[in-house]
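Next up: the same protein chain in two forms, each one alone, written as structure tokens (structure 1, then structure 2).
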Structure 1
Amino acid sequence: MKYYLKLGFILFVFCAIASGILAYINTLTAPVIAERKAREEEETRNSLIPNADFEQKVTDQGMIYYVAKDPAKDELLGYTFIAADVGYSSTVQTMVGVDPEFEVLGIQVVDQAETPGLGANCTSPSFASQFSGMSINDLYVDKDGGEVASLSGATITSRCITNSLRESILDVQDEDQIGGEQ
């Protein structure tokens, strides 16, 4: 019995030391990771609506979105935000840019862990490019009567992205009407 207690204590000490080292490394890397993610989101916003100043806003539901304005003329160029929903095997986060009439300017999937070769193809430019110019009423996959060609073998991921875009655009549109941004 004494032998097993000794082994258990040694194992406990090793686990405590390893956990402490991992926690310390996490405190060092967490700010770097957060800064990198914020920079990537800013670059994505700038690629969706170039040459704009962005002002952060929050909807009543707690969703963060950005109002894009022309810095020279102070006129509204559109909105950007991250739409997220659960896909086949992960939460898919998609940044979208919309114009003042809430038509899609472009999208970019910023975070996903879908099945490689199937749902992960949602990051391809050919999939994202089909959303440009779509209105809220067009944001349904082809299998649901919409205009978005779903990914082969990944209808759930395609549906997840289109549904999250449509719902998030409606949230921002409702907030815009309440706030009177236009």
Structure 2
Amino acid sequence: MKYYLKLGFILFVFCAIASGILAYINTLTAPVIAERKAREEEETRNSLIPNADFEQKVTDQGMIYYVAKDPAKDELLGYTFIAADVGYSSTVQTMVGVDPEFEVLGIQVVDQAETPGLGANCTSPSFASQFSGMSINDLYVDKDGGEVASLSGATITSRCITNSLRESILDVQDEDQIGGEQ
């Protein structure tokens, strides 16, 4: 019995040392990771709606969105938020910027793990740029009678991005109208 206690103790000491070292390294790397993530998000926001001040808001459903205002004239420039939906083999997250009339200013896919060479092409500028200027009614892929030209061989990814954009724009629009009535 004593022998087994000794074994357990040795194992415990190893685990404790390992956890201590990991905790120390975590304190070094965690801020770097968090800071880079925040900076990347901010850069994406700024590229979608340039020269704006962003204010974070949360809808009733818990969706986070940002209101963009012109810092000089205090004029509403639009909104940015992240739309997400399940695509072909992963959850695709797209950050989108819309103007006050809810027409798309631009989109950028921020997270995806779709098929390389097919669905993963959704990050290419040629696919993303076509969304600019579209209104909610245009946001269907061509196969569903809309304006969005699907990526070749990746209709599911294209449809997932398009639908997630449309639904989240509607969510923010609803929220905005409730806010307007108050």
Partner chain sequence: MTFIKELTKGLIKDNPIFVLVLGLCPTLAVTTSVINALGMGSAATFVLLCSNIIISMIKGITPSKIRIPVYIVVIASFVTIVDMVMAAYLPDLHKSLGLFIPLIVVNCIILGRAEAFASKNNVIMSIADAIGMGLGFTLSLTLIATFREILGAGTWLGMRVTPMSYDPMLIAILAPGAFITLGFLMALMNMIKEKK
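Between two forms, the rigid core is the largest collection of C-alphas that superpose within 1.5 Å. Here, a residue number simply tells you its place in the sequence of structure 1, counted from 1. Given the structure is predicted, the values throughout are model-derived calculations rather than measurements.
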_Displayed copy of the chain that is the form predicted together with the partner chain_ = 2
_Are L76 and L22 part of the same rigid unit, between structures 1 and 2?_
no
*Treating the chain as two rigid parts, note the angle in degrees by which the smaller turns against the larger between structures 1 and 2.*
26
*To one decimal place, what C-alpha displacement in Å is found for N26 between structures 1 and 2 with the rigid core superposed?*
5.3
